Every structure is written in structure tokens, then in C-alpha cells.
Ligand SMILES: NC(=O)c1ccc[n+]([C@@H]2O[C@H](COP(=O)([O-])OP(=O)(O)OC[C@H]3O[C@@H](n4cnc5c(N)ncnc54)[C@H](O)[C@@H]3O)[C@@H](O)[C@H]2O)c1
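Below sits a lone chain in C-alpha cells, taken as the form predicted alone.
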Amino acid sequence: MILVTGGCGYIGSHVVKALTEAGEKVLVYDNLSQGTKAALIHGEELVVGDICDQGSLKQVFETHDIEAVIHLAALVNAAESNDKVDLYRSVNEIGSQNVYQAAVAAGVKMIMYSSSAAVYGTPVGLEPIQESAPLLPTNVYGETKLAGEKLLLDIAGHEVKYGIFRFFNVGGAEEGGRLGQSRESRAIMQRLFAVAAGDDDHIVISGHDYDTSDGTVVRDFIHVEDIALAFVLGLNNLRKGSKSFTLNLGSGESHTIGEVIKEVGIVTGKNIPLIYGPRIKGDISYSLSDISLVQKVLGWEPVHTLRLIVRDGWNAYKKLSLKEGKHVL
């Protein structure tokens, strides 16, 4: 059985779906603060609990035969993290440590962790970021994700294999639109969809004076289903006795936020009114993944373009709106 923390959330629900469809038996552990049981579309078993609750975690491992853990539960808003430092450290650092300790105490031999490109901070140049790049996060979120990596390395040792994935900017949804991000998400594409759907009048873009082609930041967007596939491949890789790994997950392609806005306009057929605001403290101007290592280690390839990321994300947004009684033209 595979335990997935945060499995009812946006990325987690896609990972759970991919695992189940690959023939795995999955147990989800989630406090439902950012997800819903309805996201478990194949009826996977759910234990409602918090990663900060050591007793609840211990009970899960005592009552289930868990082979591997995929740890996705976390707080993920980089801007918010700078204002809620203690909360982010409690959940992302102490919570992660609780998960690792409970797993190792129960004899689990494989642990996979969802980290972030935020651990790199500001790149030195404009080359794709390799896994060996300096780890100098510029916000509390990045600091806590890096702490989660270090804690896993400290506890793993020779007996426990680990897999760490550093996500770049995740978007999209499964093609059927059954899963997607919450409409309350502050992710850039969800905010753009909200304007396209008429839920918001405009979008505020933080900073337009960066040294980029159009003054907006450059990002690497990766489809959530490509992320989910990587976990399936990574799990199988560890099962075969391969070495522990730390790998980037991105598309290997860069796009300015201005380009993303144009793409959303094309896909939705809507005008996206903009207001430019000040830069976010600690935000970086350029982020592009080098994915050559994950291609070599796992044989993984991202198959979704930016157009597909936007298309699938918009489709899921519209379907969720309909479920909530709001029709999107």
C-alpha cells in the first residue's frame, strides 16, 4: 500500500489517480484544509488527519501495511509564507519531520517528497537550472521546502531510499476536467481563469520592470499529469533497487507571464484586463528547469505543451464552476 499525504489536494489528487490507474493500492492522509474527498475519483481510502499530529500519523502506520510514502502535504503560497513564517515552518518542516519519523519507525523503506524550484532562489545566469545549482531560497516557502529535503536526507540513511522532485510551476488538470485547482487558488493561471470567467474584473501582475522580453517574470510551466507520471516512474525506480534521487520536474521551456496571459486569452476567447503592481518581495525574475537528469534516470518526458496546460486547466475551472452553480460562457 502507498500512503499519500495531501492526496486530496490539487497535485495530490492527480498523483493518487495515476497511482491507482497504474495498479497501486493507495491510502490517502489529508486534513482536507485545501482538498476534498470528492477528489478521490476512484474511491481510494481516506484517513482524515494532520501531519502535525504525531499520534494520528503513528496510528495510520500501525493499522496499515504501508510499503512507501509519497509526501505532498504542505502550504505552498510563497507570498503568504513571508507573512506567516511560524505556520509555514510548523507545517512544512515539523510536519514533514513527523511523516518521515513515523514512516521509518514503521519500517517503510521508500519515501518520496514533493519539493520546489523555490529552493534554488535566484539563478546566477539565464541557463537552465540543474539539480547541482546553489540552493539559496529567497522566501520562507523555499526555505521550508529545502528544510524538508534536508530532513529526509538526514533520516533516510542506507536502509531507506528516497526520491525528491523539485517542481517548477505546475498547471493544467486531467483531460476530463474531473480534477483541478481550487477556484480560490492564487496560482497565476487560476487567477487568469477567474478573470476570463468573469469572477474577477482584472488581474494584478506583480512587477513589469524585470529584465525580460516583456518586463514580466519568466517561468517554466509543467502539466500536473506529467508530474503525476513522474511519481509512478519514480516509485517503480526505487522498487527496482535504484539509488535515491533528487530531480527537477519542469517542461524545460520558458515563458514570460505576458506570454501566458496571451495564451489564456487565445484558449478562452476572453480579454484579460491587467493592472501592474509592485514586485513581490523575494520573487525571482527567471526560472527554467534543466530536465536532462530526470530524463536519464527515469526515462520521463513532459508531453503537455503550454497550450494544453491552459486548455486543460480552463476546462477544469469551467466544470468546477458548473458544479458550484455558476455557468461560464
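Heads up: residue numbers just count along the shown sequence, starting at 1. Worth saying up front: this structure is predicted, and the values here are computed from it rather than measured.
A second form of this protein, the form predicted in complex with the named molecule, is not displayed here; the remarks below concern that form.
- Contact between residue 167 and the named molecule in the predicted bound form is found at the 4.5 Å heavy atom cutoff.
- Although the partner is absent from this view, residue 91 contacts the named molecule in the predicted bound form, with a non-hydrogen atom inside 4.5 angstroms.
- Taking the partner from the other structure, the named molecule in the predicted bound form has no heavy atom within 4.5 Å of any heavy atom of residue 268.
- A residue is said to contact a partner when one of its heavy atoms sits within 4.5 Å of a partner heavy atom; residue 112 fails this definition for the named molecule in the predicted bound form, lying far away.
- Using a 4.5 Å cut-off to the named molecule in the predicted bound form, not one of 143, 250 and 286 places a heavy atom inside that distance.
- This chain is displayed without the named molecule, yet in the predicted bound form the stretch 114-122 from 148-156, 203-211, 236-244, 114-122 comes within 4.5 Å of it by heavy atoms.
- Listed residues 19, 11, 306, 320 were compared with the named molecule in the predicted bound form; 11 is the one with a heavy atom within 4.5 Å.
- Only one of 41, 32, 297, 280 lies close to the named molecule in the predicted bound form, with a heavy atom inside 4.5 Å, and it is 32.
- Counting a residue when any of its non-hydrogen atoms is within 4.5 Å of the named molecule in the predicted bound form, there are no hits in 186-218.
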